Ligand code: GDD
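In the block that follows, a single chain appears as structure tokens, in the form predicted alone.
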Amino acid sequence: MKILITGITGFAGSHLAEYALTKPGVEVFGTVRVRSKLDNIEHLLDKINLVECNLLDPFAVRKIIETIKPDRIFHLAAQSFVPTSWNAPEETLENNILSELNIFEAVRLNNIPTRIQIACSSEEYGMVYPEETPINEENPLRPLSPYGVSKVAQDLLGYQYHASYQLHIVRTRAFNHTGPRRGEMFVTSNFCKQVAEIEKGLREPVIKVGNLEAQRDFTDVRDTVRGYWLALESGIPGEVYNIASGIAIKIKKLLDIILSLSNRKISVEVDETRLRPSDVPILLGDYSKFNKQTDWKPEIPFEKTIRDLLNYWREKVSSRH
């Protein structure tokens, strides 16, 4: 089986490549750009095939689909950082929507029976009212960021291409996922990196934070990518599925867990630059539809996820200094 992962050098992409390599008879291909950093997949380079491709170039995308003829495509490549979407809304919309469109068109025009998984996001739900939690797939989509809007477009484009052209497309709306190799701008990773630097004596024992009142549903990335795999094994084409833990944690509680894993005395300070123009107050997912279809459920405890992430940053900070 040939699988193609767009965004293989990213956080979830690298974990999905690792997971795919545990399956017998699977050949892994991944798209990279000229400026892609390979740190996340350095340990996999002799086991995977990298193909250079700008996903915004329809001809380049068509050529690699035609050449590889993948049995499965996991489309993870995206501008995925919500605050960046405020500063670069046009780039976020163009990148996230057109790259997916090019993949759909390449599969359609080459007439290949490829199964495609689209990594959508809980940010699509946006403004969720307390009585609407836990959020199921029928909940209205009220995105509160340009990123959220771009993901709604990706999601609906996936539905449209399945309905119009019968492409085998399964959409997954993953809630927050974290774990080792999470980008340092994301909250769990950012807090862990700051703590690792404080422990190493590289910064004052003060951790800078944004909004601590928001509640988020965190899943371990290793559970999330297992969900992506199952979406194409057992998911129904045209359907959309939440991938979540079913537990909402206040960012303040997350911070307390991280601080409890360090023996340093660390104080907390709010940094105004970390606050967003509008923030989603609560994201709590209902994954029962996905569980019923695939038997998927989260297996890795949150404390283990955070401990693994903190240890990842401790190693990274030590190796840099």
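A residue's number is simply how far along the shown sequence it sits, counting from 1. These numbers come from a predicted model, not from an experiment.
The form predicted in complex with the ligand is left out here; the points below concern that form.
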query	finding
Interface membership of Glu123, the ligand in the predicted bound form, 4.5 Å heavy atom rule	yes
Contact test in the predicted bound form: Ser80 vs the ligand, heavy atoms, 4.5 Å	yes
Leu283 within 4.5 Å of the ligand in the predicted bound form, heavy atoms	yes
Any non-hydrogen atom of Pro237 within 4.5 angstroms of the ligand in the predicted bound form	no
Whether Asn176, Met185 and Arg216 all lie within 4.5 angstroms of the ligand in the predicted bound form by heavy atom	yes
Of Ile251, Leu144, Leu101, Leu230, the one that lies within 4.5 Å of the ligand in the predicted bound form (heavy atoms)	Ile251
Among the candidates Asn136, Gln160, Asn110, Asn211, the residue which, in the predicted bound form, approaches the ligand to within 4.5 Å (heavy atoms)	Asn211
Contact segment among 197 to 205, 115 to 123, 102 to 110, 136 to 144, judged by heavy atoms lying within 4.5 Å of the ligand in the predicted bound form	115 to 123
